[in-house]
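Presented below, as structure tokens, is a lone chain in the form predicted on its own.
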């Protein structure tokens, strides 16, 4: 059966979330910055929307320079905890479309806004069905999260990753095995996923400018210049060969939920039921995947759109809903005792996840 791998890349993720949360930002240039705190705009651009990119603003650029390019842009600080909670929900949607395997290796999250999923069994190796599945994923994310994503479909991770960049934002591109050469070969070698500036520069010195040049270059020469593993990989990648499996990164994943309160409030009677529901959703996801947790984080966003987080680390991994509820309510009590501004949204997240092995302890029941 023909392997089918899908890559999903959320569009300008941080800035898109900020636009969603504050509709007044729509139609404006939005720049999300990693601020150092030394001065008002000391730091670098983390991401920006496409309107800001039209002014020449790019990720990694000093925020002060971005301000000069567009003084009217909205400059916002990174709210990583909040974005992570949104990412958790997106990743759960994506995971539900991946093939089901006992070892779990049909899904791989590679960043807060990107993931691979293998859909070989669900599509029977049919790229037309894969395209339909990709559209379903896009529609579900739009419906549930009001965010857009770009999707790439290919016979492996390499091709699907490159395909997702073809029609950004909000696009979908499928590259079946019979279209590998027409897709890859016209591109510059610097566009090949996995090639950095140093390697691209060295290849150009060897007269290799396009991926077609690389595909037709003598492999012995490549091995001599880059070493055996790298030289062989370059030759294979140029013809679209990539046998790397999807592999979930143990311990780095988190599961969280966030929701808006019925009204802006500091009333524990209104906040507690929502906190209970979010914790229940988190436990349900943990149980379905037989996972335990060790850290508990509660996030609050107030009516001024300011975000605050507090965490607890448990002595050992556990999967008890009661323990999660107790920790979440303790943290929320601290927030309520400290805050004078009403809360707009609350979130619960667990981390340091591990597979439950063997019999549960009494503490888990």
Ligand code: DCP
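Numbering follows the first chain given and starts at 1. Owing to the predicted nature of the structure, the values given are computational and were not obtained by experimental measurement.
One more form of this protein, predicted in complex with ligand DCP, exists but is not displayed; see below.
Contact annotation: of the candidates 67, 312, 28, 53, the single residue with a non-hydrogen atom within 4.5 angstroms of ligand DCP in the predicted complex is 53. A heavy atom within 4.5 Å of ligand DCP in the predicted complex is found for one listed residue only; from 88, 114, 118, 81, this is 114. At the 4.5 Å threshold, heavy atoms of residue 18 stay clear of ligand DCP in the predicted complex, well away from it. Using a 4.5 angstroms threshold between heavy atoms, residue 343 stays clear of ligand DCP in the predicted complex. By the criterion of a heavy atom within 4.5 Å, residue 59 is counted among the residues contacting ligand DCP in the predicted complex. Remark: residue 353 does not count among the residues lining ligand DCP in the predicted complex, judged by a heavy atom distance of 4.5 Å or less. Partner proximity in the predicted complex, defined as non-hydrogen atoms within 4.5 angstroms of ligand DCP, places exactly one of 45-53, 315-323, 299-307, 331-339 at the interface: 45-53. The partner is not shown here, but in the predicted complex the stretch 1-36 reaches within 4.5 angstroms of ligand DCP through a heavy atom at 9, 10, 11, 12, 13, 14, 34.
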